[in-house]
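Just one chain follows, in the form predicted on its own, and it is written as structure tokens.
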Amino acid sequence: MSNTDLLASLQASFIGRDTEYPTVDGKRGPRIYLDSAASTLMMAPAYDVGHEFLVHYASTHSDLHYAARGASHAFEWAHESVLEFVDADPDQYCSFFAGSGATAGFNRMAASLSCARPERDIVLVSEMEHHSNDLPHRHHCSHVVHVPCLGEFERYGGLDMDRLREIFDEHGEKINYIAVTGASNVSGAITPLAEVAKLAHAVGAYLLVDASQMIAHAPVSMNDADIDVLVFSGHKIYAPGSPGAVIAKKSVLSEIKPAELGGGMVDDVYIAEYMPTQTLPDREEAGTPNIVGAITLGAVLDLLTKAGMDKVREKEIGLIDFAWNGLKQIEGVSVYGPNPEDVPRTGTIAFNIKGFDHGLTAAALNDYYNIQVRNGCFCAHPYVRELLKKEMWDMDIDPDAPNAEADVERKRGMARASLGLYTTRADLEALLVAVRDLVSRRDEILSLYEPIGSNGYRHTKFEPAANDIFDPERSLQSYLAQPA
């Protein structure tokens, strides 16, 4: 199968894309899933590989029975697939799995590096970061300096490289590392990682990259960019249920102690002492691993490597431009982040409809058009507040108020449409039609919804049937109802 044919086949392979839901007009139809920045859908062939493994399931770290031998080989293959996907030289880099997303990896690295180099007590973090690549550094490091972005207000985004150079010149060898996103989960703005790495390494600092929003959208080369540590979530790249992945230089890992202790990461244990193994990645993977999730992720990465991430990126750029320009042209709609012509970005577009709270926009898109988007601050509160600052001021609201009331929270956020490999131009055309329709029916829509909680909204005359919302108890009833 050619790369082009494989990519087309993968685009059509996702589980759940054709799941049908009801709409206000009494019709049913397949959803348009534009919430990939939160979690992607599952790639079917990768799911099939994981399901086949379960037929042979056993734990790893043995080869003395057939099933364990297969599990150990598959788990090792998953590590190799991760390294190959991010172009990391296996002689220089090690990959290991941690937790259920990027959060565990960043907590581990922040804790370990702060202990390993206490004399370097400054850490740099960009203002675009998801909380998972901000809060761990605040907690474990004594002094965090937040690096600002370019532009202001709704166009704020993209790392301010001139200011970053000044910060490196100011703090020099006091800097332990810099933690940046590969691409923002709010605006999609892409960070020039190779340039950041050169600045960091000039003063002996490390570069830690959150690739969760970049990994499914653009090629990543740890070798070319000289990245020290890269972390991403498998559920952001078509493998829900998989663990988080950490890829780190072996020279970095050699400086730190094992972050988690338990079975599998020791060479021997006595009553009086224990000896952690120096074998990687075993030293970093205490306990029984998420073998099924790792194999599923490995399968996704292997298929995407064969299809070519350059082809994925090429396809997405056209869709980004189409959606961005289409939303910008709708009167009464605000879009956020730098213009794609100024700062390269991935397929994540945050927007608001004038007169609608972000929760109302998301609810109405779901109820009337079967379009599923995310809303809120996307676990990136400081960045979102900067983007919304002028609008909040115009409403006489302090965007930095620490104890905002519910009505403020309903306004302090955005709707976010985010693309995946399965997203088509037709999906985005439907989004543009829906947004135009909501703008034209603003008063009618406002009269039909009531606020729920801090940012939720419910239609006052429409309620989906219970069977349309997944319920695990109900799913088990068919099994329990079977005759013995």
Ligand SMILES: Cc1ncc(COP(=O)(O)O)c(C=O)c1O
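Only a predicted model underlies this, so the values are computations on that prediction, with no experimental measurement involved. Sequential numbering from 1, following the sequence displayed.
The discussion below concerns the form predicted in complex with this ligand, not included here.
Stretch 230-238 is the answer when you ask which of 325-333, 230-238, 160-168, 266-274 has residues with heavy atoms within 4.5 Å of this ligand in the model of the complex. Contact annotation: of the candidates 156, 106, 97, 177, the single residue with a non-hydrogen atom within 4.5 angstroms of this ligand in the model of the complex is 106.
Proximity to this ligand in the model of the complex, defined as a heavy atom within 4.5 Å, singles out one entry of 212, 296, 361, 346, which is 212.
In the model of the complex, at least one heavy atom of residue 102 sits within 4.5 Å of a heavy atom of this ligand. Under a 4.5 angstroms non-hydrogen atom cutoff, this ligand in the model of the complex has residue 37 among its neighbouring residues.
In the model of the complex, this ligand lies farther than 4.5 Å from every heavy atom of residue 112. This ligand is not drawn, but in the model of the complex it has no heavy atom within 4.5 Å of residue 370. Taking this ligand as it sits in the model of the complex, the stretch 105-143 comes within 4.5 angstroms of it through a non-hydrogen atom at 106, 130, 132.
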